[in-house]
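Just one chain follows, in the form predicted alone, and it is written as structure tokens.
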Amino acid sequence: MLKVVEINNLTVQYPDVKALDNVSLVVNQGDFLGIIGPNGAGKSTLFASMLGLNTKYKGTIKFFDEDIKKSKNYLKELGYVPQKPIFEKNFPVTVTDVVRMGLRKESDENKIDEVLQQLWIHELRERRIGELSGGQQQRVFIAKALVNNPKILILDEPVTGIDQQSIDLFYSILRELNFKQKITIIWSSHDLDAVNKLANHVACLNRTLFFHGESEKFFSDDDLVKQYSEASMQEHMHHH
């Protein structure tokens, strides 16, 4: 198995809280990893560290066997879709413009059409991004992440605030990307059912790593699922 990501003893300490405590995990090529955990569990901190946006951590993060503090080469193999892409509603950019922003080489212009077709948004290519529904916008941001043929796709709770029909389509697209194109997917989600159906590995995060392994093993263990649900509930109550 080819390791594409290796995280060892990752600890992130903010002034008032330890966001991540000694997290270690490995992601192999072709994996579909679902990261689950309550709000405040450290999922966004984990992604920020992996993307090089947060460099104040202890431990090591390696992509393709290279420490990301020593080399930024890995970034060109990554596609990232944030939870809620921020843009001005009246900003006059079209779908094609947004996807083009993800391109590295001018010559790959025809790759734009290819990903738009793949994500069923080809007919929207001249529409302004602000005119689209939440689900359509999210597919545009995935197209932007895919236009460079990344080996790894990182998705931070990508279906927040999207209608169910768009979510179903979105999940079938993810399955296709992982299964047919062999893209390694690392995806954080609150939807346990979807994680159970789509991901072959699960990481349960609540500042520390509470479980990391095959999703079948996690979901067939009632005690684990119960423990996870209780931790989520406590965290939820704590935040309110």
Partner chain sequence: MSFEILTFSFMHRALISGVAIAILCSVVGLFLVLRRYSLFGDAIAHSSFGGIALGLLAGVYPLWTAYAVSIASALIITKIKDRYNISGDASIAVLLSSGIAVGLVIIGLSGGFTIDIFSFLFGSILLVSVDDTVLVLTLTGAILIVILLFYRQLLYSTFNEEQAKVSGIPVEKINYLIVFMAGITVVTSIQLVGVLLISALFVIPNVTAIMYGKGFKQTAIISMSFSVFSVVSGILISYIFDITPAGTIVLVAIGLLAGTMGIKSAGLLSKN
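Residue numbers count along the first chain shown, from 1. Being a predicted model, the structure only gives us computed values, none of them experimental.
FYI, the form predicted together with its partner chain isn't displayed, but the following is about it.
Worksheet item: Just to confirm, residue 144 within 4.5 Å of its partner chain in the predicted complex by heavy atoms?
Response: Within the cut-off, so yes.
Worksheet item: Is residue 92 one of the residues lying within 4.5 Å of its partner chain in the predicted complex, judged by heavy atom distances?
Response: Because a heavy atom of residue 92 falls inside 4.5 Å of its partner chain in the predicted complex, the answer is yes.
Discussion item. Is it the case that residue 100, even though its partner is missing from this view, gets within 4.5 Å of its partner chain in the predicted complex, heavy atoms only?
Written reply: Result yes; residue 100 sits at the interface with its partner chain in the predicted complex.
Fill in: its partner chain contact at residue 128 in the predicted complex, heavy atom, 4.5 Å
Heavy-atom contact with its partner chain at 4.5 Å: present for residue 128.
Practice prompt. Considering its partner chain in the predicted complex, find the one stretch among 168-176, 51-59, 29-37, 194-202 with heavy atoms no farther than 4.5 Å from it.
Written response: Of the stretches listed, the one contacting the partner is 51-59.
Discussion item. Give me the residue from 121, 112, 78, 162 that has a heavy atom within 4.5 Å of its partner chain in the predicted complex.
Written reply: Of the candidates 121, 112, 78, 162, 78 is the one lying within 4.5 Å of its partner chain in the predicted complex.
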